[in-house]
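Quick heads-up: it's one chain on its own, the form predicted alone, in structure tokens.
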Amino acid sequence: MNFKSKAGLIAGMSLGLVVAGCGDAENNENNAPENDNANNVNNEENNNADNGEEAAGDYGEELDYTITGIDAGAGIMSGAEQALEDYGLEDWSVQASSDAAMTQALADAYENEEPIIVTGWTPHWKFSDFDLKFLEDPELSFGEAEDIETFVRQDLQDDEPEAYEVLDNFNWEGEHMNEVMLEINEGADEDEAARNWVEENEDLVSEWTDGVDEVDGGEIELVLVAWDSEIASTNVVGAVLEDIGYDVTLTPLEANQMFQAVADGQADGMVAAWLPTTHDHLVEDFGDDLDSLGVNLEGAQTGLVVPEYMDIDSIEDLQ
């Protein structure tokens, strides 16, 4: 294959008043533990709230109010910018980088138990290697859970029906994708990790190729955004297409270029469209010139991600 991350007592003057006072004292004494407990609870809640605000403030200063992102054209970056607006985080900014740079920054911070906030998504190998959590997003700045979908150029079914059939049949789960990503992260070549997975999952792969004839030398170009998740899926599909006889080229592009390449017929397809949120704007721009083959992986998620050792649980905690 070619390859192009929220008391007092009141004293009386009479015996009756003294007796009454003693009764009040007894009642106050009996209630004291209850009152003390209530005060302790309130103080603890206040302290926790203060600590949460202090922690968020400290994190902001330590991080220079910067969230580590990926490539600027990714939909998750738009979601992060939307979160800054939705939660009134005027002091914060999202720094564009790349998937590789983001995960390296996360690994460096994690090793030293330092704070870091990244744009993140699942499936992704980092959730297997590190103890991480998504920050809660009550405003749904990043939307609901997503699916990953397949799109091809409009005339692919007529030109290359076998490739079309494989791409149409392609469907797997997050655990499958994680297996490939982890092997790549541990040092395996991308094509090697994909081929190992294909060989070890013949039953599932046979469902993708059921009724598909072999071809002799046809050419297929698949495009992808160079995220670890999409590198894994595209290499696996590429390996399967090669096994039925295609000469396959994999070309990494920015998200908008990926959609445009397939819409213009410069590339044959992609298995890397995150919907309904991350790439929705690109479907609006190019969808009329694409052939949608539906979902290939369900239940993906995007958002802001932090290590579990950080004392925040929600994007609201950054306020």
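What you are looking at is a predicted structure, and each value in this text was computed from that prediction instead of being measured. Residue numbers run from 1 along the displayed sequence.
What comes next is about the form predicted together with a small molecule, which is not displayed.
Heavy atoms of Ser141 never reach within 4.5 Å of the small molecule in the model of the complex, leaving it off the interface. For the chain shown alone, Asp137 is not a contact residue for the small molecule in the model of the complex, no non-hydrogen atom being within 4.5 angstroms.
Within this chain, Glu179 is remote from the site of the small molecule in the model of the complex, having no heavy atom within 4.5 Å. Although the partner is absent from this view, Trp125 stays clear of the small molecule in the model of the complex, with no non-hydrogen atom inside 4.5 angstroms.
Shown alone, this chain has one stretch from 179-187, 82-90, 222-230, 243-251 that lies within 4.5 Å of the small molecule in the model of the complex by heavy atoms: 222-230.
When the small molecule is considered in the model of the complex, only one residue from Trp121, Trp208, Trp172, Tyr164 comes within 4.5 Å through any heavy atom, namely Trp121.
Only one of Val94, Ile116, Leu156, Ile76 lies close to the small molecule in the model of the complex, with a heavy atom inside 4.5 Å, and it is Ile76.
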